[in-house]
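Below you will find one chain, with nothing else, as structure tokens; this is the form predicted alone, and questions on how it binds or moves follow later.
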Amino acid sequence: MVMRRLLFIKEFLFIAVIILFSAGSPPAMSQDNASFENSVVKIISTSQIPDFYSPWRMKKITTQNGTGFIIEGNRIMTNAHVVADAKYIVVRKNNDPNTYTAEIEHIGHDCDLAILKVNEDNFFAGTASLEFSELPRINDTVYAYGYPIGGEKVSVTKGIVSRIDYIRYTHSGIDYHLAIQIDAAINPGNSGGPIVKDGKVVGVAFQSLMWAENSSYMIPYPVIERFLRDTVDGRYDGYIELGFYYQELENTSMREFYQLSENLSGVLITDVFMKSADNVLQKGDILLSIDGYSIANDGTIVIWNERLPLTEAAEIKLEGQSIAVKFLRGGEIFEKDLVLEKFTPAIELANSYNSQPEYLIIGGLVFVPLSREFLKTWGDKWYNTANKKLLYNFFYYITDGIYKNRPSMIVLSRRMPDPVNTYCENYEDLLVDTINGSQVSTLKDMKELVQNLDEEFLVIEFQNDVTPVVLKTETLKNVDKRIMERYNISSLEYLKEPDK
């Protein structure tokens, strides 16, 4: 949910996306142990990511190992981060010297899950589809199967369920979902492996706190089940949003001010940012329950036998489904259904994968959309070191309503020195406002404005009220070939087609 997702502004927990290992004896399985281990596979993924500072280039090729397991339908489940940006994937079974080519069938970067398919039927000989089970309880013993570094055989290790929580998933960087903490040591290579209780899968290993000993996490069954249900129609659509912000009502004076009687509890609606929610709720409403779950004054509900944020009630829903809300308005209680929709802001707030960056070069000036990946070009601590104006517009793009007037944010990211742009070195990292008086919304708009320009000068104005960049239109006609040859650039643009 956006309310929870935006907490990452002040929470930069660097969680190593590696996983689960602890000492212990192999479990007694309800099915043949050998066949169970043969259903856990090693994944070798070769990937390559783009360079968002020089978006016409790719970075070096890398290879990483992970784990997966066979599920119903001769498919392999693993983590999205194991196969993100993959160019080539192979899988290997326990005690099998052969490798088999695999392909991504579905991938959910917002929940760090993926499904692979292998087109060679003989790969599945001697394997069994692993079954899922509901949430384990605190202090339950579970077993992690995987291929951690240090060996080629499947490893079986033991852990204890220590916490059921609602945390930020590191892979996307902004999404919060249900997760289960396990008393287990860190060991790379286990990512994507099954966590097993009583012979059934209760979770998928995925991340751990890099500074905390024996603190690892698994993706639990409710998140897995939702992912599988979302892919039934042949594609993964992703998580929806409730479309409103809320504030807890733990303060007695606030509850009295909003006429919340002692026998009622809930949260205050502070803003509504999606039309679907705007048709139902208003700023100042008191949300009392959601999907039948009573909301406490601290914004939590009891679900899965755990007290979790109210957004968990909507986590299991798919796009287009409804959720019942009960709310207090003007001293009267109302009950309505809210249709859940996806919220896709124009700028990429999350980490980006399997995606080529957009860019446009005009007169040796490189323009890109403002995104998390572009800000990450400032380094590991980009949230402190990147341009402050860009950081403000990125972090508060939704909460401050910037998206309402700025459907996209275009940055002059760098200058390729050339006589045509000799004085423009101080304009880097500025947000574009207008071109010859016309507001710029997308790179495509920018390209069309420049192509259709019939004026003597191209005037690019920025949001900071600095002196505009002025380029003589005639000089732009001959500069493109020179820029491409001088800086070894294969293309002056890459523009994505808008989603239909």
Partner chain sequence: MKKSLFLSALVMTMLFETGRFACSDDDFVVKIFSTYQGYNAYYPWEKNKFSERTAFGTLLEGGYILTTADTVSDFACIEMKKPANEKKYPASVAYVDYGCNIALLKSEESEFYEGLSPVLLSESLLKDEEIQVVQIKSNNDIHYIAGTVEKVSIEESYLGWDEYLSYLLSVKLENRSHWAEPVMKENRLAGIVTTYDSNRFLATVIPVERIRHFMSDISDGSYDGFPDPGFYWEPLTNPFLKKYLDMADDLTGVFVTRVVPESSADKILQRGDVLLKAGGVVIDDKGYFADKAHGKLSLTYLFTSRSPGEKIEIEILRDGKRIVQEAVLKRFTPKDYFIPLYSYDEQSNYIIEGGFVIQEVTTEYLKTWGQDWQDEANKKLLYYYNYFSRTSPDDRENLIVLSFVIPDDINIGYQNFRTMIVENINGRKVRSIADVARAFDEGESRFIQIFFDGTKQAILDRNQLKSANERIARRYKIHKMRNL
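This structure is a prediction, so every number in the text was calculated from the model and none was measured. Residue numbers count along the first chain shown, from 1.
Not on display, but discussed next: the form predicted together with the partner chain.
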task = Name the stretch, out of 438-446, 65-73, 454-462, 47-55, where some heavy atom lies within 4.5 Å of the partner chain in the predicted complex.
result = 454-462
ask   = What is the one choice in Leu391, Ile323, Ile167, Val156 with a heavy atom within 4.5 Å of the partner chain in the predicted complex?
value = Leu391
request  = May I ask you to choose, among Ile149, Ile333, Met254, Val302, the residue with a heavy atom within 4.5 Å of the partner chain in the predicted complex?
outcome  = Met254
message = Contact with the partner chain in the predicted complex for Ile61, defined as at least one heavy atom pair within 4.5 Å: yes or no?
response = no
Contact label in the predicted complex: Lys342 to the partner chain, heavy atom within 4.5 Å = no
message = Taking the partner chain as it sits in the predicted complex, is Lys381 near enough to touch it, meaning that at least one heavy atom pair lies within 4.5 angstroms?
response = yes
ask   = Given that the partner is absent here, does Phe124 sit within 4.5 Å of the partner chain in the predicted complex, heavy atoms only?
value = no
key: in the predicted complex: members of 244-281 within 4.5 Å of the partner chain, any heavy atom   = Tyr245, Tyr246, Gln247, Glu250, Asn251, Ser253, Met254, Glu256, Phe257, Tyr258, Leu268, Thr270, Asp271
